[in-house]
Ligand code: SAH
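In the form predicted on its own, a lone chain appears below as structure tokens.
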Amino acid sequence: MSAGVGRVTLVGGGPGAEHLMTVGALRALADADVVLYDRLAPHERLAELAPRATLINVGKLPGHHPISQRGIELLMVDHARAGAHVVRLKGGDPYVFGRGSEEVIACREAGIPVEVIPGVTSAISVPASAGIPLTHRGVSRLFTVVSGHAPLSEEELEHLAGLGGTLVVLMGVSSLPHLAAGLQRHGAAGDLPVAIIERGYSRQQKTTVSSLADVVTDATLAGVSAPAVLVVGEVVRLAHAGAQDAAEVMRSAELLVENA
């Protein structure tokens, strides 16, 4: 710990699997005096990864935030002002729905040096853990990542339904009924495949595959709960139904291209 002003490093910890943390993330932890960590960040071996640091759990649960976002920012700034190297360990990537930019602004306003170390976002890695590619030649050439923390507007739903490609929804379990109905209301096909991957990269990982028309019922029957990543699009068939159905999807896509 320095006698002068310290610094803050925002670290993306990835989807929760320690082996997916970056070299930069591990080096920052090894040098940390204080670690403020989220519940979805890799933290089982934090005492080993950050051997001289004070570890503070600032994780939020759905609907329950023991420490507010402002409180987390004040903790970062206060410890850094006392001369500490503060690592703010976040799940996924700090700048993908991680409120990392808010924490960077708080540090800059307080005159605290701050660095951001990107992490592997769950938007890409969790579908991959279930065997789902977000893009595939002839099937999907784009993907869109949205937050399902709050219901999307009708305008947003209309744009997403018309955009095509693959839709990835983070924090979308509670708003799933609104999303499924809204996409269909704006023209998305009811048989469009949907995958819900719960607790990605944990021993309890589970994938529920359904269609846009049936996903709310199937999710209820399966007892789906957060945290989960939703994937909407034809790419889901590539992982779920195997090579034969994947080939059929490819053939259908190629026919569409030929007939266009």
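This structure is a prediction, so every number in the text was calculated from the model and none was measured. Residues carry their position along the shown sequence, with the first being 1.
Omitted from view is the form predicted together with ligand SAH, to which the following refers.
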| property | result |
| --- | --- |
| Ligand SAH in the predicted bound form reached by all of Leu75, Asp78 and Ile112, non-hydrogen atom within 4.5 Å | no |
| Per-stretch contact check against ligand SAH in the predicted bound form, the hit in 150-158, 78-86, 94-102, 186-194 (non-hydrogen atom, 4.5 angstroms) | 94-102 |
| Sole residue of Ala106, Ala181, Ala128, Met171 within 4.5 Å of ligand SAH in the predicted bound form, by heavy atom | Met171 |
| Non-hydrogen atom contact Leu29 with ligand SAH in the predicted bound form at 4.5 angstroms | no |
| Contact test in the predicted bound form: Gly200 vs ligand SAH, heavy atoms, 4.5 Å | yes |
| Val235, heavy atom within 4.5 angstroms of ligand SAH in the predicted bound form | no |
| 4.5 Å heavy atom contact, Leu36 to ligand SAH in the predicted bound form | no |
| In the predicted bound form, residues of 222-236 near ligand SAH [heavy atom within 4.5 Å] | Pro227, Ala228, Val229 |
